[in-house]
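Structure 1 and structure 2 below are the same protein chain in two forms, each given by itself as structure tokens.
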Structure 1
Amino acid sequence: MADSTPDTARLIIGDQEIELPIIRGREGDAAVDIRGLRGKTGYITYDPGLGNTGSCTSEITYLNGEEGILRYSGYPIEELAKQSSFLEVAWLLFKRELPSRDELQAFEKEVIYHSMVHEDLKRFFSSLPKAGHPMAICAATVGAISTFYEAVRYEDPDDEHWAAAIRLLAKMPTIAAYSYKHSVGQPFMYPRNELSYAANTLYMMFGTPCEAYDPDPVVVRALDLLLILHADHEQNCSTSTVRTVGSSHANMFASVSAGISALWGPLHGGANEKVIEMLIAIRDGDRSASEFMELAKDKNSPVRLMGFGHRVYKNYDPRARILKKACHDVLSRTGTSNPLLEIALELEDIALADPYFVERKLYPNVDFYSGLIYQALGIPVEMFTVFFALGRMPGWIAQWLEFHRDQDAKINRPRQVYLGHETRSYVALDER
């Protein structure tokens, strides 16, 4: 049967009719190409939040919210979570192909080799308030770290970009751990080259010069899994921010620093903190999970259900499904119990059975269980979003690299519909 889908869309505005090209993706997704719309008609589109606007083409991540599908460069997230490692996924996002054994070993060695930060950067940390949020410290440090490499120039821009990518990916665990150590007044720990990426992160977080600290392999694998699940998620707020800042040809460090700041918001990466706060409030309050859910349905109630629903997913978030199982595994292997998990499971059971939540497609999202695992690993609540940023780093870098290789890429410059005053004459100060 021949494909009957059109190649163009027709738009009628008054007496004018124009044709606009249709761009088709690999998975059946399609977009109306409106680049010529304003020039031909004088009109622009209006799309608050850009929820229906494709800002770019990409080969990195495929996301189908209706079906609950997430793939990195064609590979299902379920397979990568089960069989891959975080640095292998990082290579996949950078290169669009899985590495050979030799390529992966060389990549891991290169990342570990660059994990130390310049000694002078310690003075930068000491100049910041200890009470400052770790996300603010990480954003500031990533922005500042580019000053240490201003003199490093490569003949080939691709080589220069790759060097920046390695340094940023390698140093982020050190920066994240140092932001925590600074807040609690403990000495900074140097990375150990014999440890894996996730193990090094935990070592620098929790190790001290006073006694040996060897990260538990179960905990290391759980953290590696969390990082994989957070590695990229298409054109979300922080990723779009990285691309937008990068579109001005700002360097990778400055662009990612802006992405960290965007991720910090409670409607984005900060949501997992809100989930833990909600569960603690239920545990310590005088209402049951079912009573809480009833209040959450009441528009006049201040109670808000956190960790359910998603801007894109209208089905069960595949990452949440993986983390739900991982949460049980971590708690059982570490021999700890968590009453917050029991509350979380009860909330999920209610939401999946209650028509109110089902009709609104409010399924658990990645934030619902990630905070519980971070807590089980001993990660402080204020560090949750920092670890989200650590996981998202390969995606931000990959998106920045892809933008700079895109022949159609332009500096981002959205339009607006002006609703302010019409032309007015200036009134002298004494006459107002």
Structure 2
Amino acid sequence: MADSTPDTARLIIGDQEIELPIIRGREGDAAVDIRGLRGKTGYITYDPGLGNTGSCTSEITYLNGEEGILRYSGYPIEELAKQSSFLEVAWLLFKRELPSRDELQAFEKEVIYHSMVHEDLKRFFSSLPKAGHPMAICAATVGAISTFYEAVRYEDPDDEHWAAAIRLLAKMPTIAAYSYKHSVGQPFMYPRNELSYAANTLYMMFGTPCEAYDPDPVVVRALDLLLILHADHEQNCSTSTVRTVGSSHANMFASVSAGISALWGPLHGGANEKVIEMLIAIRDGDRSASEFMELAKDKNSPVRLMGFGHRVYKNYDPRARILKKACHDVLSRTGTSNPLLEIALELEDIALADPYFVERKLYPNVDFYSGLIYQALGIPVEMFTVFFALGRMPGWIAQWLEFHRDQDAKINRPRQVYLGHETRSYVALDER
């Protein structure tokens, strides 16, 4: 914060004046600490959607929505996207430092070692409808796998948390791939420990026992990039959900399962699926791009331009910028073309020149271009958000761990302003 930032804020309510401390963030952000507000004044704050509310302090991710900046533990997302790997980023989020070569190798080995899921879990998948959405299947399975570890006892809670972190990170690709295999009626493929995290994910998704499947290195790298870009995004809807569930001291599996459900919604991670549906509708002539844009601007229509707008970014989402370029690269390197990309570019051009979007600072978000890359990698549309969840896993875990080490952490329990009936007497059923 600039040196001129005061140490306290003064709040006047009626004839009462109180002083509230100001907390300074590392990068110029600042917050009025209102913990004493209700006790001193009887008032609470009102902030639907929590857009003005800091629910925690964090050392994991820095995001500046006005300037379009995203850093994991200080490292710009652009540098990590170019030079890092997903598991290295996971370590960074967990430990706040890049690993040494030995640390990274040991970590990769530990994760790979835990990638298999309990054999009994196959029956769990078989009991669910094949047409069930894979996000529902993943949320249910992640919650259910805690049952396999209830009997394992740890003296040190840190050891227990680390074991849960490794298991979740390691088993998520297997669970994701099984949810797909279940939907298409193919046999589940066991993980192969000699493959990298991303290559193993693709192998379990697309391999079959009938023939060899060697993931294309271009495709593997593209998936690793997508996972890096999704790895954390500070206090978004699903991460806040993970922290909230974790705040009751529910275990990490239960907390992350709730985060997966939160991510599923079309206003959050589910938007990547909706973007492709929107582009297909335009391609198939249901509506032209400009007709669609008019509908998105019409307040009487429920249509929104999916993949556009963000609670925090009032500038181009840096992840969308990287993905837009990656989209061109992947399509040219895999020798494929996708007419949907042309439609997406056209929509972006129209939006960025349209006063409605310009005035509201609505830019492409991470979901606008990610689906096009998933498509190029052969990932079916209903699996897009599952891959988002796969990428977000280190962030959810890191934030859960941070919450549990935070001396200020309390159970999350917001208040409300009650607008219902005043007190009244019960009326017996036959008198109503």
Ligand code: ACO
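We call the rigid core the largest set of C-alpha positions that still match within 1.5 Å between the two forms. Quick caveat, the model's predicted, so the values are computed rather than measured. Residue positions are counted from 1 along structure 1's sequence.
Asker: Pick the form predicted on its own out of these two and give me its number.
Answerer: Of the two forms shown, it is structure 1 that corresponds to the form predicted on its own, while structure 2 does not.
Asker: Take the rigid core as the frame of reference and indicate whether the C-alpha of R101 shifts by 2 Å or more between structure 1 and structure 2.
Answerer: No, R101 moves less than 2 Å.
Asker: After core superposition, I'd like to know whether D354 moves between structure 1 and structure 2 (criterion: C-alpha shift of 2 angstroms or more).
Answerer: Superposed on the core, D354 moves its C-alpha 2 Å or more between structure 1 and structure 2.
Asker: Rigid core aligned, does the Cα position of R304 differ by 2 Å or more between structure 1 and structure 2?
Answerer: Yes; that C-alpha moves by at least 2 Å between structure 1 and structure 2.
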